[in-house]
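Taking the form predicted alone, here's one chain by itself in C-alpha cells.
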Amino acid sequence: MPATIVTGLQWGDEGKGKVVDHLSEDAVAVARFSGGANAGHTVISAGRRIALHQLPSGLLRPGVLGIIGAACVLDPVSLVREMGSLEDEGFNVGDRLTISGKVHLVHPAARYMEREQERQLGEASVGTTGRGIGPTYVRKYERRGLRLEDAAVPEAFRDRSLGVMEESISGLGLGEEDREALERETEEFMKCTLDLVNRASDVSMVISRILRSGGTVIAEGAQGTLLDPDHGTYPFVTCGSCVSGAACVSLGLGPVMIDEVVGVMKAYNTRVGNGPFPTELNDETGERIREKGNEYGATTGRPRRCGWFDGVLASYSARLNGCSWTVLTLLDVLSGFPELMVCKKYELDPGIDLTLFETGARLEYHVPVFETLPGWEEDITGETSWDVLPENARNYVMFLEKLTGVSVRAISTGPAREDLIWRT
C-alpha cells in the first residue's frame, strides 16, 4: 500500500500531530521527514497532553514504528530526554524507533551560534526557536556536518565533536561561563549520540519493505508550507523543506509510492516569530482568538500571532503540496464570534488586484480583501457529527473548501483524540 503524507498548509502549529495520531491507528509506521527540536506536535491521549518535538507522533499508538528521516536535524540530548519523558507517560518506545544514519546532528555549539546571529540581526532577526537548527543546516551544506552514522567510529566522532566546540569557542569569543557550559554540553552530546547510534538504519529500505508487504506508512511533516525556505515567506522561514515533496527526499521514497497528501489547516491563521502576516489582528479580536485557542508555542511557549483565515495563502499551499484532501482544525475556537472574516484575495494598491502571488518582501504590503461571514453562538467543542454543526459553521467550512479548491474531509472540534468530525 502506498504512503500518505501529512503536511501543514500555514505557518506551522496547524494540529498535524492530532491528524497523524488518527491516521496512524492502522499504520505500520509513522516517519518524520522534516524539522528538528524546533517542531512541536501535540496530542491529547487519555486526558494527557503529550507534546512531541522530534519523535514521530505514531509512537503514541501501541505497536506503531517511529522513523526519523535523513533530512531532519537531530538533537541527541533533547531526543534522549524526550524518549525518557514518553516512557514516563507510559508509552514504551523500546525498539520501535529507527533513525536514518544520514540525519545531521545539532551540536550544542549551534545554539550559541544562532543566539549570536539573532543578536547581530537586531530588529531584522528571524525570530528562531533558538534550537540551533539554522547553523546545523549551514554546516550540512558546507559539507562539514556531523551525521549520526559518524558515531559508529567513536574516537573519530569524538575528535570531530570537540573540534566543532573549540572552533565555536574561538570564533564566538565565548567568555569563561559560556565556555565551561559548552564543554559540559558537548560531553553530554557525545554520550547521547553514542547511545542512539545503534538505532541508525537505512530508512529507505525499512519503509520500502513495509510498503511492499502491504503496510501503511504515514509521512509526518513539521512546521508548515509558508515556512518552507523555497516556497515560504523568505527570509522569515525555517531551514528544512516543509512541503510534501520533501518527504520523498528525506525518506528515500519514489513519488509513485505516494498515495495521497493530506493538508492540515487551522480555521484561522497564526504564526510565531517575525515576518509578513497579511490578515494579522493586533486588537482585542486577535487576543480573544489567542486565549480561546491557547495559541502559545509547544516548543518555546511564545504567544502566537493570530489573524483571520487567509484563503489566498491556503489555496497557494494546497496547490503547491498537491493536496488530495484537507483537515480543518480548531473550528471550535471561532464559536461566539458574531462575524467571521476570510481573506479571498489581495490588493497591492487600492483597486489593483494581484494575479501573481508573492511570498517575499512585498507580501507585507499586500492588502487583504475580506469576505464577511455570519458566525455562530453555539459551543461546538467535542462535536463529532457534521449534521449537528450550526448551519453557519457548516457554511464557513464549505466557504473555505471553495477557496482552497480541495475538500475538507475532517474537522477538529477540540483538543482530544475523539473531538473530530469525519465527512463522507
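Throughout, we count residues from 1 along the sequence that is shown. Fair warning: this is a prediction, and the values are worked out from it, not measured in the lab.
In what follows, reference is made to the form predicted in complex with a small molecule, a form of this protein that is not presented.
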property	result
Proximity to the small molecule in the predicted bound form (heavy atom, within 4.5 Å), stretch among 36-44, 372-380, 392-400, 22-30	36-44
Contact flag, I289 vs the small molecule in the predicted bound form, heavy atom cut 4.5 Å	no
Distance check, R49 to the small molecule in the predicted bound form, heavy atom within 4.5 Å	yes
L320: touches the small molecule in the predicted bound form, heavy atom cutoff 4.5 angstroms	no
Distance check, T404 to the small molecule in the predicted bound form, heavy atom within 4.5 Å	no
Selected contact from T329, S250, S100, S241, since only one has a non-hydrogen atom within 4.5 angstroms of the small molecule in the predicted bound form	T329
